[in-house]
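Consider the single chain below, provided in structure tokens and representing the form predicted on its own.
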Amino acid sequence: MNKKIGILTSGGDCPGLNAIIHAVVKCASHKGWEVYGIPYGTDGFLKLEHGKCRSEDLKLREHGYDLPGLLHGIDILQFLSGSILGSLSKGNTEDKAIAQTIIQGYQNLELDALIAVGGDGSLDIIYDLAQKGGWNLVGIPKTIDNDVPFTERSIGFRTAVDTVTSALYDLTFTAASHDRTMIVQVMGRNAGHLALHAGIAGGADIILIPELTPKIDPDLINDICIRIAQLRWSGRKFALIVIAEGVKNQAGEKEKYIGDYLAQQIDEISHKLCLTDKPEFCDLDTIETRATVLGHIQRSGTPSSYDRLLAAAFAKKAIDLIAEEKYNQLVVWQNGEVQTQPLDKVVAHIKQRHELGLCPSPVEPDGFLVQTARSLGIYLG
């Protein structure tokens, strides 16, 4: 039976979104289905209802990108970062009139099912709309934060880890050249997965994540300075620190530039330790601390082969679910294979954690990677 399905990307962008779109269209086309790309998340349904776009303009074809000249058929979509459909990280679906217009847009497009690619917040919002509108929904998790529950990996995470690891490699040499302590602030919201994975792979001496060091307090700074002093005492004059953006200041408040805040605290405490005249701290007065915020470069870059493979596998499973008419499922990666979880279970967990102000899928404090970091001598607080 031929089907007419939609696909949208919602929330912050990440590498691999276009790879998902690419794979969904290919898998669906081989079944003779039509695929419609909804622009800018659920806002695309608003645009349809307001006459700002036409349904026929949203139809996606198997080869979305052909290079000019003699290279007909060259398809580069899976290698592109960002999302050709556009994505919104915020939406006003609490307004009942707007929500109803979005629902009406879905119905008027006469879709048999919708594939929503999003993070924990997006999946929460879209699931609620789907319940109200009676949509046939399948979710695919994506986020560089890797904090969607019930899946070990989300699209975009591995590429972001590679990007941060590469940056740490480059920054190590400038830190070593000037005997500096280099602090690198990475994304992750309230989760430390990105900082932990990249920190280990990138050779960090210190990794600070919200699950282990929720806030920067004097004792933590003191321990960090002692760790730096130990490195300098051993003859190594530089250090590399990775801090996740979810770590808070001494007052327990979020800092936009927590890396700069940490650098200031290290400078102050290291100077005080130096004044104790203890020989192990005598070298701390020469510390130069620099903070670097990697920012949105972590969301960009060519998707890694792993993320492209994961995108293809997730897309194939999503199409299979629609073919079998098994809706309201989230495609996940568990125990080395693609599986599914009921969206009602996933969203209920997300809502519960959000209400408590907690990350839906944090780093396990005693997990194997945390143990690995400690075994390598990395200070985690």
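Everything numeric here is computed off the predicted structure, so don't read it as measured data. All residue numbers refer to positions in the sequence shown, first residue = 1.
Keep in mind that the form predicted in complex with a small molecule is not shown, yet the notes after this line are about it.
- The stretch that touches the small molecule in the predicted bound form, counting heavy atoms within 4.5 Å, is 184 to 192, out of 184 to 192, 105 to 113, 169 to 177, 212 to 220.
- Contact check for residue 307: no non-hydrogen atom falls within 4.5 Å of the small molecule in the predicted bound form.
- None of the heavy atoms of residue 126 is located within 4.5 Å of the small molecule in the predicted bound form.
- Interface residue remark: residue 143 is counted as part of the site for the small molecule in the predicted bound form, having a heavy atom within 4.5 Å.
- Within 4.5 Å of any heavy atom of the small molecule in the predicted bound form lies no heavy atom of residue 278.
- Checking 299, 232, 248, 158 for any heavy atom within 4.5 Å of the small molecule in the predicted bound form turns up a single hit: 299.
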